[in-house]
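Quick heads-up: it's one chain on its own, the form predicted alone, in structure tokens.
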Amino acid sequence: MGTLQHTELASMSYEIPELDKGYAGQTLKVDLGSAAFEIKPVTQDMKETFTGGKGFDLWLLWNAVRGETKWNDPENAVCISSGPMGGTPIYPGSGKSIVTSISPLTGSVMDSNVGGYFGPYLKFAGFDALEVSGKADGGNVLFVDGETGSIQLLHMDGLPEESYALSEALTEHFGGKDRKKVSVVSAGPGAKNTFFGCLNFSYYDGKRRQTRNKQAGRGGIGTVFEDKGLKALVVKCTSFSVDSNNPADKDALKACAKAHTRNIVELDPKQNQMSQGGTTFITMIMNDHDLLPTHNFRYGQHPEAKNLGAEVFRRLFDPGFDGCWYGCSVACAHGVKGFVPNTGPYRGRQVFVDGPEYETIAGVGSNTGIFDPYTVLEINFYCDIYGIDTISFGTATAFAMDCFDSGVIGLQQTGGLDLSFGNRWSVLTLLHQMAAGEGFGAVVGRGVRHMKELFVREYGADAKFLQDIGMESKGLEFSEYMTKESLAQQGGYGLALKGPQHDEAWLIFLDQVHNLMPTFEQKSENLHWFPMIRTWFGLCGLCKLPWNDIVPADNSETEEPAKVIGHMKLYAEYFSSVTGRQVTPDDLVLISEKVYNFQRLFNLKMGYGRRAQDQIPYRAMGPATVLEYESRQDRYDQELSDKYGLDASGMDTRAKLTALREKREEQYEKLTDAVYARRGWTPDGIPTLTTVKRLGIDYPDVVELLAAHGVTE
């Protein structure tokens, strides 16, 4: 691409601050509608209460929106922050950013974590967080230059539509000969034309001499981004080192970083081999334990699953030690070089595919009945360049296929597309339609909740049946774990603040694979503890993979193996060494409780955040159809007999289905009660005033919000 032309809409100069204990001490607000910039201070209360990352995002967004704000209102903001430990180039997994906005899918607050360089580079350029609100006509690029201390809002014509080509062009334009200094955030045409648009965060791969991308996928924040008329965000960063965060105790930081890195380098080859295959190892573990979502979460395994396993993808991945941030010894950011798509605008051309990760493999693969790795790669590639979340795409498409298979919709409704499970050509066609906002793809691109309402209203579908099989909660499509047999993961999905996404409470492994929480009490306790730890990673700019995907050799001998306490001690030392706040692993839970409860209150502000929104479709709890029951009949019959004392021998399948449903729904409600009580919430799922005061988040508008919902104690 030749030299890009632009028109400057607004600009300002600023003084790049010296970071202090992980903080730049200021945030940047950009109003696209008025082309105005505002630099705001980070207060001590912000640091102590919200820490950074998702916490800063939530605070900025809380003050930007009203309870009535819709996702496409100008005041809705896209907020991006890393955290005080983000950007550490010697500690594994320290390059995360968190993006937050009001979601098109849920109508409430959404957060999504992502790798790549943008969040750390933004901080090194002088800003702990970026808040973008307002709307422009389109084609706008925000450029934060951390070398010269300048900010520009530019209008740029002639830029590529697809996200990868756009990232490449802007990296070349703003980076020149040193492209490693530039990171780009962009969406794509699919984000514009669906409700589950994702954002691509770039980083420059010096070995391959190309720009690569990681995705902030969940909840449609890419759709908000496109609706604002944004083409891209670009940040340029000067050189940096372990000194750049100006840690409180650099020697202590180096010591814990060395210990954790050595642990990973020694143990990853013996455990999950993530440096060779990323998260692809999960596929066969899930299949072997009957937990791999297949045919819209009907089943948990398939005889062709091995075609989507780690052995296949390790052969396809381009060799190399690949990380999405400097110094990460997990190095799981793999990709496929020289892949040639069979469809779409890149048909017959060699491309580089970033991924796939497990969630994509299961979502667009097994859940839609596709067990061809090359088709999974093609879908992965086009979802990324179009700016479409692979998880929501896979789950929404699988729901449409289930409706087609069940006779709810037919060829007339799909525009002639045969949406039988496993029809890869129809799935690819659907994807290209989504990107263009055309055909039945435009319908599926609105998400499962929208399809349920449409199919009932327009086609006379059975609302109860669609509610049972439509795998969404709070409006967000389920990520890719089959939870019928895991009460803990059912709670992990249903009680998650933003909807059924595993990054808040990924308990399926601990519950079903490792059997580390066999009792009801352990499940409810972990549904308090685990989300707090996962929240803490999102506050600090960290990836969770170095915590519990690679564990110390003696972890099984510890009192609570699920907590991986050996690594938690290192993280407490890491936090203390950077921020100067001396903490223990237990203190990390308290740090997170402040933000976690604040986010629940944010949901309440937006009209959600109560027990009614914490329900999940029955297929997430148990067999929703006779076919599903009969696929595991021996297991379910034994459960009715041994656990509930019911003689199933004289019952037909439908009667057994009904009896099992009653018991499993009771268990879910009992679990909900226990978790609410453990978290200090009312029986309706609202944090009590006592809890809010204990955590120091009893701001006047929070107390007023609680009082409006009858919570005064």
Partner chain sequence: MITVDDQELEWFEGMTVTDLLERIGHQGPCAVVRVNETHVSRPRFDETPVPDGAEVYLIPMIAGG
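All figures in this text were calculated on a predicted structure; none of them were measured in a lab. Residue numbers count along the first chain shown, from 1.
What comes next is about the form predicted in complex with its partner chain, which is not displayed.
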query = For the chain seen here without its partner, which of 528-536, 609-617, 319-327, 438-446 has a heavy atom within 4.5 Å of its partner chain in the model of the complex?
reply = 528-536
task = Verify the contact flag for Asp549: yes if a non-hydrogen atom of it lies within 4.5 Å of a non-hydrogen atom of its partner chain in the model of the complex, no if not.
result = yes
inquiry  = How about Glu311 - does it come within 4.5 Å of its partner chain in the model of the complex, if we only consider non-hydrogen atoms?
reply    = yes
Partner contact for Leu154 in the model of the complex: its partner chain, 4.5 angstroms, heavy atom = no
query = Is Asp137 close enough to its partner chain in the model of the complex to count, meaning some heavy atom within 4.5 Å?
reply = no
note = in the model of the complex, the residue from Tyr121, Phe201, Tyr481, Tyr91 with a non-hydrogen atom within 4.5 Å of its partner chain is Tyr481
inquiry  = Counting any non-hydrogen atom inside 4.5 Å, which residue from Val513, Ile565, Val265, Ala252 sits next to its partner chain in the model of the complex?
reply    = Val513
task = Residue by residue through 284-312, tell me which have a non-hydrogen atom within 4.5 angstroms of its partner chain in the model of the complex.
result = Met284, Ile285, Met286, Asp288, His289, Glu311
